[in-house]
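Shown next as structure tokens: one chain only, the form predicted alone.
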């Protein structure tokens, strides 16, 4: 046992809902997903909270799973460790404390033992209870083991807060996750033998107080917050919703159904309007049995609700709860909430409202601190030959004008490396084929004819209406060169149209191909079968509605994702299915090719996004962390990052290299259905069912704008090729154009704003709105800017 004092070990007992616990070695999170790590319950200086081992580590891509983590205490030579200890009121709490003290003594961790005693003010009782050192190996050890097993089996009483300002690092904390020193060999046996009912650990809702007092506890806190100063009231009001949910669930879990019903009816009207959908789900949970299979509730129990509060407001709350000895509420705060404390002025109601609304509260500040390479990769240098028609068509004055924009838009990218760009070889990207180079040359030529957009020069909008789409249009995509349009339908078909005079042709049969001269210049033309030429091709293969479609950049392939749980890759040469990628177990809501081809991403109802390569059957990365469906996915222009929008009302940015989540954006009040990156890679625009479009600075991890105007779900977003205009399409049958240059100028991204989230969004939606274009009765499903900045929009006519 003495060996434990030398090194710090960590062992996690991971308890699956349907099987016995398994013992896991220490690990720092899987490559795909968020790595687990020790989290402190409070701000930088740990102003009052209990440090518990993370309950979200693991090799399954960081999916939040309940686990009982047991970590050994710091070495004996370490500084004295203040620990959050139970108040010595209840005999059960006293026993627990004595067990921990006895174990510290056994392990020769004298300083930690002394610190714990001092903190708990239990010197006399602890000394009497723990016995002489010589007895520790005999019956005393068995008693300690039995008591420790009780600690693991049930969450102890409410923890007394640390004194303000004390560090919470390395503390031996007795909390809901039962952190206590133990020999690795014993942990598994303790949890297995003494914890037959796994759901008890899963629930974390052990009855702590008198059920009839819950309404009094809640109204007491409500009265205190409503009577506090204005500057603190807005911040402390954030507590209402998570406390309401956890107190209600605690009553339901402990089968106090009448009290739960009365509690819900009395206080559900006080919650913010954007939580109404969650409250509807909550109101249907009236019995303990209802809680077991409910995903929303599992999320609430396993992920801590994050609140960002200033230190002054937090101290005020702590003082109130201590004075009232309101252990019930304090216990929920400690176990189920993560309070992110910052120093400085409390935030105003507007600032808080801008950032809250997601299923798990705000993002922790640390979540948006890692470096993101948002710059663009260096373009390969390709010589652009001038066409004869170009030379003839331009007069002498026109020629230099024509070359200038070409040089600005293309040349500058290839000559100078963007300081914020990732290293060129950070992730392996496919090499350019000759056909890709030709396409780039075509792109550059088109760019020279591009219209410069702005408030005084708005783009034309060409709307493709799908008439008589009785099959139900569920997805649309347009190729980069705007030559093909694909539609995914609810009847499980994918239909591809040519929108140029050039018809779609399949490759000839094998027997006919063998007769062709392979050396001829026009071999690519000869292999096509003229007899198959048509404007429309229908692709059959899915067995459910097709919710996502994406063309490859070289226009040779098309991806489609479906309710049948598969993603299919189709050849646009033969118009047949090449591969069916099976990884998702539930409907796949969206899929998208990387801007460089080869890689693609998919997201679905199973709450994870997966990164694939076209030549691999299995996903390369699994991005796990969202608490609800992943509705939309989008690659960053440099292909090193993937953004996902979810029904948990958050947007996450994932690093393709290691699978880590590098940004979490909260602020939407409804499920997110559209995402788009600005062409320079610096900004992200997101649209949701709340009808708002939010703008984000990726480098600083901040919200920088809010565009209000739509009255229904924003289904599609797209920046113009130069990034000067943002187009948004919605279920309210409108396309709106916004001034992106003005929206992103003069951004407040100083260190203070970044550190505390004091966001001051200008109320300038009307100034930024450049135009609103109504359709007769067609929801806008997709938007696309051509290489010359013409807007293409698409949707299915829906007669009223």
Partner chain sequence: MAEEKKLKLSNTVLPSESMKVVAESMGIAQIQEETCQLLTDEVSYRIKEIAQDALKFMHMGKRQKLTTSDIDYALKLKNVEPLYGFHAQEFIPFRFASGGGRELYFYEEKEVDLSDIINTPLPRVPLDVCLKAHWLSIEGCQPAIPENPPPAPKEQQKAEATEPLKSAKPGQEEDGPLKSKGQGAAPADGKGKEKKAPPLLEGGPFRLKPRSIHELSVEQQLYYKEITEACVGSCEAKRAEALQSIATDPGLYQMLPRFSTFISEGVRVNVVQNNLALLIYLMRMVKALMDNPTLYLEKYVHELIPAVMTCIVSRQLCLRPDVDNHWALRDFAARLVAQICKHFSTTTNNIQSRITKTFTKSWVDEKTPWTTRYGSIAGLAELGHDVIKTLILPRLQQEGERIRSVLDGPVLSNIDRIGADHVQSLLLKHCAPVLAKLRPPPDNQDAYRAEFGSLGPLLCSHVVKARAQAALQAQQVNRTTLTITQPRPTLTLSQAPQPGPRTPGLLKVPGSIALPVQTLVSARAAAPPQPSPPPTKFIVMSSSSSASSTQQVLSLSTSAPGSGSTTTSPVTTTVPSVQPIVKLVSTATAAPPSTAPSGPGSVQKYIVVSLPPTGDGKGGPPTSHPSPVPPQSSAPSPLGGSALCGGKQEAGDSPPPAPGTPKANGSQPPGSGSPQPAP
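Residue numbers count along the first chain shown, from 1. Computed from a prediction, not measured in an experiment: that's the story for all the values here.
Not on display, but discussed next: the form predicted in complex with its partner chain.
Only one of 302-310, 419-427, 566-574, 456-464 places residue heavy atoms within 4.5 angstroms of its partner chain in the predicted bound form, namely 456-464.
Heavy atoms of residue 739 never reach within 4.5 Å of its partner chain in the predicted bound form, leaving it off the interface. Interface residue remark: residue 380 is not counted as part of the site for its partner chain in the predicted bound form, having no heavy atom within 4.5 Å. None of the heavy atoms of residue 578 is located within 4.5 Å of its partner chain in the predicted bound form. Contact check for residue 471: a heavy atom falls within 4.5 Å of its partner chain in the predicted bound form. Only one of 555, 110, 708, 369 lies close to its partner chain in the predicted bound form, with a heavy atom inside 4.5 Å, and it is 708. Between its partner chain and the residues 582, 364, 324, 261, the one pair within 4.5 Å by heavy atoms in the predicted bound form involves 261. Scanning 431-445 for heavy atoms within 4.5 Å of its partner chain in the predicted bound form gives no residues at all.
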